[in-house]
Every structure is written in structure tokens, then in C-alpha cells.
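Given next, in C-alpha cells, is a single chain: the form predicted on its own.
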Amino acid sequence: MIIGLMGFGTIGAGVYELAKSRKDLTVRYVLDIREIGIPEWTTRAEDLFEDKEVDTVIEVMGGLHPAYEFVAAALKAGKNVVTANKYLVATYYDELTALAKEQDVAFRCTAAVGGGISWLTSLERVRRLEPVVALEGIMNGTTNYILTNMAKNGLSFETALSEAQALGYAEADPSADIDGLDVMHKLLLSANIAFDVSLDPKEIDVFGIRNITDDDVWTFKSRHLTCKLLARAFQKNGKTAVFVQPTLLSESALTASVPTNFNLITYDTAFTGKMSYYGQGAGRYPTAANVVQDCLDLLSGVTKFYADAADKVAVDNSVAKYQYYLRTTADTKALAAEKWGDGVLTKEMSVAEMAAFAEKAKAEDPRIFVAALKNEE
């Protein structure tokens, strides 16, 4: 395999190192606007697309532009594409998967969800035989690191976030992580592949952890609960629910014990039941390893995306119901069931109902915080 690599940051450098250690992978070009001091370096994207011997382009630049233009150009040039860019694939899912199918090339993005966990390939494998009825999990190491340190070490949100940034888990602008958007993109890809659908990201309800306080965490601990940012998708009675929300779990629950920057993602299927995948959700070598594994899958004969079908399906979160811990200065009398610390525990309500309430309440109280109380199964 002859590779054109786009991006030489943390992940790109890891991909380069792992690929160079193998005789069956040859990195011919490394595209980067900076001078990076390696013989394969180029600043011309055209080099990767015009060289007929390059059969696979790897995109680890991140962001939407020019990553989208470059990936589309690579597919149109008949190149296989491997990417770790969940934002790109989630945003242009229909277009890029259709383009790969039209050009009869492979399009893979295993590292986009779960970092070093082979999650998407596991979904691809299980759904060959049996329907996936639900999936759920921790899909973001940054927020898990923050919530773990708040719960175990008594840190404030701001201190835990600063530590995550110092360790390289969080960006200088952590908005995508703490507002749940990173998880939403990963959940969309997972649900699309699991259910053979194409979802609109604007329809997915998302609650982040930006406004959680150490007082909130103390309230949860006093009730033997742990807060985790969970993604969940399921199909029920012909409806598809897809959402991201802080979730309160029993301290004894398996997911509650997931530490630091690790991820734990679970699917539930018709025959096998629940199966969980645990590992590092980010980092140079875990993520780079999954990128290179995608390349090895291509060498072994993989020729397409993870799923063929992509029926447009509307998200309906009215079928997902929880009680919620709700802390806000907005009026909660119509929702409250009992007082919990600085907030209240609501009556049971749907994710869609809480999303509608929270959207209105934000205008009065931008510091509102919402966390679902996990239904025991």
C-alpha cells in the first residue's frame, strides 16, 4: 500500500511512525503547511491525488476545511480514504459515503469513535448477523477525566479542566468536549452504522457538563451516585431516540468506575445481548494504531464503508424517559418531585421535554445544569 498522509500533528506523527515500521505500508507523501523535516513532506495536496501509485489517503488534519475538500478530491481521484475526523464524517456523512460507493473505493474512520477502541468495526461485524437495538457509553475522555477528578479528588470544574488541558486531553478551547458536541458526532456515526440510517445532527438533543459544580457532585455523592457524560441511541416501536446527557449512575455500576480519559461503549443486540468495549479514547498511539489498522483491513480485502444503507430517519426522543436532577433559577414548580441540594429531582419526563424546557430556561439562566437519573435495568 502506498499512502498519502494529510496532517502531521499528534496523530499524524503517530501514524507515520507506525506505518514506517511496516514493510507492507509505504508513506510517499506527508502533507503539512509547516516544514516538518522529513523527506516525504509536501505542501501540495495535488501530489497525493495526481500520483496514480498512491492508493490510500489518510486524513488526520482535523476540522472541516480544507479536510472536506481534500477528502472529497481523494475519493473522486479513486483513492481509498482513512480518517480519524468524526466532525468531518458526521457533517458530510451522506455525501462522502455516497461518493466512496460511486467511486468503488473504501472509506473508513474507525479511529473517529473511541480512539484506540475498535468500536465501529465491532458494530460492522455484529450487525451482519443480528440487529443492534441500542448502544450507549462514555465516548469522550476529556469529560470523563474532568468528572472523575471532581468526584474522586474534590476538584472544582475549572481546576479539573485546567489539569485536563495541561495533560493534553483538552484543547485550549474545550467547547466541543464540555458542551457534548464531540460526543454527539461520535454517537451519530455509531447510530448511523448500527441502525442503517442517516441522522440529522441538528435533531440530536445534547446536554453538556460546562455548568456542573462541585456542589452538584457532592449532592450526587451523598446519594451514592456518580455523574458520567453518556451517549445513548435506541430504536423502539419504530422510533429512533438519540441523545447525549450527563447521567447519574449507581456508584456500583460498571460505567461509573471508568477512570480518567478511558471510554466504555456498549451495544445491545437481539441475540448476543450486551457487549462492552473499553480502552483509551484518545492519545497519539491508541488513535494512530486504529488508523493503521484500517489500512491493514484494506490490505486484507475491505473495500467499502461499514454500512450500505442510509435511510433518512427522524430522531424522536419522546420515547426516552428519565427523572432529572435540575439546577436552575428558572421556575421548576411544575416539574419538581423533590428537593436535591441546590436543585430538584423532576418527575419522569422525556428527553425531548427536558430539552425543550432547558432551551427556554437558558435565556433566563445560562448556568442551568441537567443530569438524567439512570433507569435501573
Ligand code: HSE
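Start at 1 with the first residue shown and count on from there. Note that the structure is a prediction, hence the values are computed from the model and not measured.
Another form exists, predicted together with this ligand; not displayed. Remarks below refer to it.
- This chain is drawn without this ligand; in the predicted complex, the residue among Y169, Y267, Y306, F157 with a heavy atom within 4.5 Å of it is Y169.
- Only one of the listed residues (K228, R108, K186, K79) places a non-hydrogen atom within 4.5 angstroms of this ligand in the predicted complex, and that residue is K186.
- This ligand in the predicted complex comes within 4.5 Å of a heavy atom belonging to D177.
- Interface membership of D182, defined by any non-hydrogen atom within 4.5 Å of this ligand in the predicted complex, is confirmed.
- Not displayed here, this ligand is kept clear of L147 by more than 4.5 Å at the level of heavy atoms in the predicted complex.
- Among heavy atoms of T142, some come within 4.5 Å of this ligand in the predicted complex.
- Residues placing heavy atoms within 4.5 Å of this ligand in the predicted complex fall in a single listed stretch, namely 281-289, out of 281-289, 117-125, 203-211, 216-224.
- Shown here without this ligand, the chain has no residue in 295-327 lying with a heavy atom within 4.5 Å of that partner in the predicted complex.
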